[in-house]
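One chain comes next, on its own, written as structure tokens: the form predicted on its own.
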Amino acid sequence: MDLELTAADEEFRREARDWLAAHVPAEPLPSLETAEGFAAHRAWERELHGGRWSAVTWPEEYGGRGASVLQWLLFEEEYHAARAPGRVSQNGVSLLAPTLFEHGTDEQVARVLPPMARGETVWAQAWSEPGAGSDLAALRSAAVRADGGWLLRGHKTWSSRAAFADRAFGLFRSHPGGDRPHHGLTYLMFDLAAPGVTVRPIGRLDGKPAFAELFLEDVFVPDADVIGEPGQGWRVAMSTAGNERGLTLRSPGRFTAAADRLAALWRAGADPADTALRDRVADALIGARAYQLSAYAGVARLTEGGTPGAAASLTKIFWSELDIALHETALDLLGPHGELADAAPEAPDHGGWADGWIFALAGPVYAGTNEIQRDIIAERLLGLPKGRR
């Protein structure tokens, strides 16, 4: 792995840093888990698109810059160091878009990606169902053949962004009676404002609707919104899951920036005699740096033709556990004030540490629970026998 950046990469980083310095709002935007905050973050996506920073690795014809994966890492480091707003389009840009590039038609790519890049269409992820979360293959929501398309029926839950998003993507059982549960599934995109769709927000620990339930009653979806072949949705979904567990959803820049802020907190007011807390700060810094170097090594493998594969499960466990440890250390440093929400004037960092901690708690659960990831590592990477399910 070569850690020396080319002149072009250095110029890319400088351009990103300069643009962010000139455009990142001076005050944090309202939480994107509120209607007001969602609208503000959608406007920020338009601002990013204006500078061609909303999807840097996409081809220019779809609103990107055609940047390399390494340059995306550099952009992410600058983005988080600049304290830029959270990305309301992340489900679309980081999960659906790579899936469309790999499995979608030319028409789908040309139709779906440009409004996604402009922040005009924000996407929700509609995978989990009651009784089918970690065991995704147990899903029961159905896609029934209709003239010119499919009718969706069922119930999705814990759908990220769905409370305020425009469209969603998910898996549906289209060919019942298959010999294995992950056979006979179809991957579809659908409109959250379509007739037959009911969106019921789910309050998070702080009451904000970060998720939603979706009730689907004969929701028509045209054939043009099927991704991949009908009945072959599992293969398409594994492409999405690989991106979700791997690099694109949780870039190392997010953790290195947070670890740097944690170290600043320590220097600003921690008790030097509390060596236990000091060691936790050091562990967070080391963990963030290790994840960063691991990501650079992963990019080197991808550049040489490799794929994330089952190793993405290692990454997912690492960043999700690091995220919790890092934020818990910050809250212990801040004391009782650290628990204040963003609406409280006295909340340190505008409540960012408390908000980040609440979000981090979900890390070991979404994108496939860490227990599932450990099973994958045991079976596919270590060659151990399957355990009892």
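Predicted model, so just to flag it, every value in this text is computed and none were measured. Just count from 1 along the sequence shown to find any residue number.
Another form exists, predicted together with a small molecule; not displayed. Remarks below refer to it.
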| item | value |
| --- | --- |
| Exercise: A347 in contact with the small molecule in the model of the complex, heavy atom 4.5 Å | no |
| Contact flag, F211 vs the small molecule in the model of the complex, heavy atom cut 4.5 Å | yes |
| Y366 within 4.5 Å of the small molecule in the model of the complex, heavy atoms | yes |
| Distance check, T256 to the small molecule in the model of the complex, heavy atom within 4.5 Å | no |
| Among 358 to 366, 336 to 344, 50 to 58, 323 to 331, the region lying within 4.5 Å of the small molecule in the model of the complex by heavy atom distance | 358 to 366 |
| Contact residue in the model of the complex, chosen from Q232, S128, Q90, Q108 - any heavy atom within 4.5 Å of the small molecule | S128 |
| Residue among S313, T186, T240, S159 with a heavy atom within 4.5 Å of the small molecule in the model of the complex | S159 |
